[in-house]
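Taking the form predicted on its own, here's one chain by itself in C-alpha cells.
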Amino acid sequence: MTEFTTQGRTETLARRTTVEAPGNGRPGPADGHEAAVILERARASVDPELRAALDSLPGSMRRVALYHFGWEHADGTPAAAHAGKAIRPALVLTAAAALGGPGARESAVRAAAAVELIHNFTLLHDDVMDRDTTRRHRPTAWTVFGDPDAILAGDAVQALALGLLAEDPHLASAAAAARLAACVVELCAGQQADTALERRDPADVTLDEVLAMAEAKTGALLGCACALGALYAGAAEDDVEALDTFGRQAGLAFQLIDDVIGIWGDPNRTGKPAGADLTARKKSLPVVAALTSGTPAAAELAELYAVPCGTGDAAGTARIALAVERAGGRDWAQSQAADRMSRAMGELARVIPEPESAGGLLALAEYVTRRSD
C-alpha cells in the first residue's frame, strides 16, 4: 500500500516538522487554514458542553475553573480570553468523522469535551507543580486563587470529564471512559517521572527516560483523543489502537517542538518569558540531547546548568541557549520530531489510506508540528 496513495505529502509533512524562528518571514504550511477551520469548528462544538459542565461546579471551584478557561476575570466578571487551541477535542471529532462520517462526529462531541476537560485538569495541576506564573497570556490560576483552590478545581474538572462519559448514552461511552481513566493514570505517571527527573543530576538523565516521560505526559492524551474518536465511529480494535499510536507519535513531535519553543520561542507569541525552561533548569528534550551529545559544547552546557537558576539574567539564559544549540540539541529535536511524524503517518495510512478522508487529521498533524506558540 502506498501511503495515502501519494507518498509525497507524507514525506513533505515529515520534512516540514521544524520550528521556524518567529518573525523570519517564511510562510506557514499550505493547509494551515484548513487546520484553523477544524480547530474553530471544534471549539464551537465543545464550548457549550464545557460551559455547561463548569457551570455545574460549586461556586468557589466554578470561579477558579472559569478563570482558568479564560471565560471570567479573577473578580468573576465575564472575560473573552483565549480558552486554548482545542487541538485534543479537534482530534476526537476529526477521527470520528474520518472513520464514521458526520454523524459520528456529532455523536462524539461529549467525548471531545471530556478530553478537553482532562487536558485542563493537567494544566491546573502542572502549573502548581512547575510554579508557572503565566498561562495563555494571563496569570495562572494558582497565582490568583492560591495552590489549594487551583488543585481542587483541577480535581473537580477531572471528575466532570469522567461524568460526561458516564452519562453519555452512546454505545462507546463505557469503553471511552475506561480508556480515558487509564490515560489519566498514565498522565499522572508521566508528571511524576518529570518531577523526579528534575531532582536528579543532569548527567544521570538519559534521552530514553525523557522520551518515555514525554510520551506519557503529552503523547498519551493525544493518542487517547484519536482513539476515542475511533471508538465513537465504531472502528475495529486494531484501528482504534493504530489511531492511538498515530496520536502518541504526533504528541511526541508536539512535545519536541514545544520544548524548542520553550527555549527559542518569541515571548510575544508564547506568553512566557524567553528561555523560561532554561531559567528553571528544566531537563527538556533538546537540553538532554545536548548534554548527552559528547561534544565540547555539552561540557560547557553541563557547567552552566550546574549553576542555580535565577531570574532576570537574560545574558546567562542566552549563553545556555547557545550552548544547547551548539551541542546539537535544537537540530536533534527537530529531526526527531520529523521522525515521529513519519511514524505517525505510517499508522494513519494503515487505517485511512484515502487522502480525502485523512485530510483533517493530516492538517492537524501539520499544525502541531509547525506551531510557534
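From 1 onward, residues are counted along the sequence shown. Just so we're clear, the structure is a prediction, and the values are computed from it rather than from any experiment.
Below: the form predicted together with a further copy of the same chain, not depicted.
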note = Which of 338-346, 325-333, 55-63, 37-45 lies within 4.5 Å of a further copy of the same chain in the predicted bound form, heavy atoms considered? The stretch 55-63
query = Given that a further copy of the same chain is left out here, which of S293, Q191, T143, T270 has a heavy atom within 4.5 Å of it in the predicted bound form?
reply = Q191
query = Pick from A177, V205, A297, L123: which has a non-hydrogen atom within 4.5 Å of a further copy of the same chain in the predicted bound form?
reply = A177
Check all three, M129, Q158 and A166, heavy atom within 4.5 Å of a further copy of the same chain in the predicted bound form = yes
inquiry  = Against a further copy of the same chain in the predicted bound form, would P148 count as a contact residue? Criterion: heavy atoms within 4.5 Å.
reply    = yes
inquiry  = Please determine whether A181 contacts a further copy of the same chain in the predicted bound form, using a 4.5 Å cut-off between heavy atoms.
reply    = yes
query = Within a 4.5 Å heavy atom cut-off, is V185 in contact with a further copy of the same chain in the predicted bound form?
reply = yes
task = Answer with yes or no whether A79 is in contact with a further copy of the same chain in the predicted bound form, where contact means some heavy atom within 4.5 Å.
result = no
